[in-house]
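Next up is one chain by itself, shown in structure tokens, the form predicted alone.
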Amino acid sequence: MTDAADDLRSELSGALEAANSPEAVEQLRVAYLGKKGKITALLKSLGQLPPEERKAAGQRINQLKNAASEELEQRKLELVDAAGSGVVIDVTAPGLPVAPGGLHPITQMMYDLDDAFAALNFEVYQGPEISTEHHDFDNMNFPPDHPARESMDTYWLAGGDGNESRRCLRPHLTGGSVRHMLEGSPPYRFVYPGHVYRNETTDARHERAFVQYEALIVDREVPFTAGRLLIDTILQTVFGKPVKTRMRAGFFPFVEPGYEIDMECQVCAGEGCSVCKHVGWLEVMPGGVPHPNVLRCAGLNPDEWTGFYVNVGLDRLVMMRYGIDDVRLFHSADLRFLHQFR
């Protein structure tokens, strides 16, 4: 049995030297280690030996099997490496075409607005997307029983650091205003864009995650025209031309007085159509003077400081700019849709 094992070892070594391709090595593996291979047959013949010889013979054949497996794998790797080293690369051949990329249309519009407000000496602020009830509701003058505090509107998160109230995915950007004001000293002039999250049913006009863009001025005297400047800058940047607007009284906990801001429908130029429900106007953003309680939360005396802020849903403005009728397309990752904006 020992002589047979030595003969097979020698035979396999010679066959491996003659093998000139990975395929030939694979054939040798089957011939020696396969179910009907020569080494496998040798193992099966152990039962024919006297009991006192089987242990030593079995160890010898297993050593042969392991050595054969290693030699086969080593020879296969050598042949693969040799084949790879012989590949000729033509460095003068033209490369594969690279598809041009581009910014998402909402991201591009956000950057355009940042540039427009930077030219007006506004700072761009980015707040955290995970916030707290204290920052986004208490500081914003929301009463304790306000429906926006319920889980049907806001995504509440488990856990916390023990020092804050409930954590949440920010449902609006407005809480970021007090955060930022507490980090500096007045007067303030800044914009703060970013994603917000609402527990809403998704349809053509609503998404659970969307982009808002807010702008805020705080100073000792802020004329009404400063608020109109914020509105006109946003709309002119989005649509590339001046847009007619109007302001109506509206109630929001964080402003006093508050306004609903409408723009002239860009589809029918104010004549009336199905998009604007035949009234010629579209509601696009809330705005107003920061509520005295909000200013106090920011460490400011409302008798000395005032301001004006606006908040716009950027997704809907971009929809109107490009004539898109379904907000879900922005989040679909459909390259056919996104390639239109490169």
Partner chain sequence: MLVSLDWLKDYVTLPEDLSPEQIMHDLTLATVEVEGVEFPAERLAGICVAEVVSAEPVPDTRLTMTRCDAGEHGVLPVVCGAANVRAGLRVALALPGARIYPHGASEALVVKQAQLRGMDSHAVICAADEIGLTGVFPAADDKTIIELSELTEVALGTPLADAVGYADAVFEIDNKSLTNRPDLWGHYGIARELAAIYSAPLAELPEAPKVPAAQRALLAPSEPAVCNRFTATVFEGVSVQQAPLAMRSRLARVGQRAIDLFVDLTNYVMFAVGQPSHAFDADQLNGPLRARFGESGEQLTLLDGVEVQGDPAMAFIADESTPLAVAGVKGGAASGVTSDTSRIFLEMANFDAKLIRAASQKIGARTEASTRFEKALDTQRIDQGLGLFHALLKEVQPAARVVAFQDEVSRATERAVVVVTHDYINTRLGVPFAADAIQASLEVLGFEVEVANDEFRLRAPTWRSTGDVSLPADIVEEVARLHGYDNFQFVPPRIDLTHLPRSRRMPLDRQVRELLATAGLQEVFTYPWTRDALIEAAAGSATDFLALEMPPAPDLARLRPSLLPNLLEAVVTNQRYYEEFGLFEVGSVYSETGDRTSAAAVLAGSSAEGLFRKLRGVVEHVQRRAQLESIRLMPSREPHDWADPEAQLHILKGEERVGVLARVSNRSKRLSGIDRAEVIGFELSLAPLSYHPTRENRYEKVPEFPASWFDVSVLLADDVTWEQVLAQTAAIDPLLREVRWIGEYRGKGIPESHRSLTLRLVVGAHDRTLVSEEAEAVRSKVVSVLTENLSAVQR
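Residue numbers count along the first chain shown, from 1. These numbers were taken from a predicted model, which means no experiment stands behind them.
Although it is not shown, the form predicted in complex with its partner chain is what the next lines describe.
Contact with its partner chain in the model of the complex, judged by any heavy atom within 4.5 Å, is made by just one of Ile106, Cys265, Ala215, Val238: Ile106.
A single residue from the set Asp203, Asp81, Asp115, Glu271 has any heavy atom within 4.5 angstroms of its partner chain in the model of the complex; that residue is Asp115. Stretch 289 to 297 is the contacting one of 27 to 35, 62 to 70, 289 to 297, 46 to 54, since its residues have non-hydrogen atoms within 4.5 Å of its partner chain in the model of the complex. The closest non-hydrogen atom of Asn199 lies within 4.5 Å of its partner chain in the model of the complex. Heavy atoms of Ala333 reach within 4.5 Å of its partner chain in the model of the complex, making it an interface residue. For the chain shown alone, Pro302 is a contact residue for its partner chain in the model of the complex, at least one non-hydrogen atom being within 4.5 angstroms.
The closest heavy atom approach of Gln74 to its partner chain in the model of the complex falls outside 4.5 Å. For the stretch 215 to 250, the set of residues having any non-hydrogen atom within 4.5 angstroms of its partner chain in the model of the complex comprises Ile217, Asp219, Glu221, Val222, Pro223, Phe224, Thr225, Ala226, Arg228, Leu229, Arg246, Met247, Arg248, Ala249, Gly250, in sequence order.
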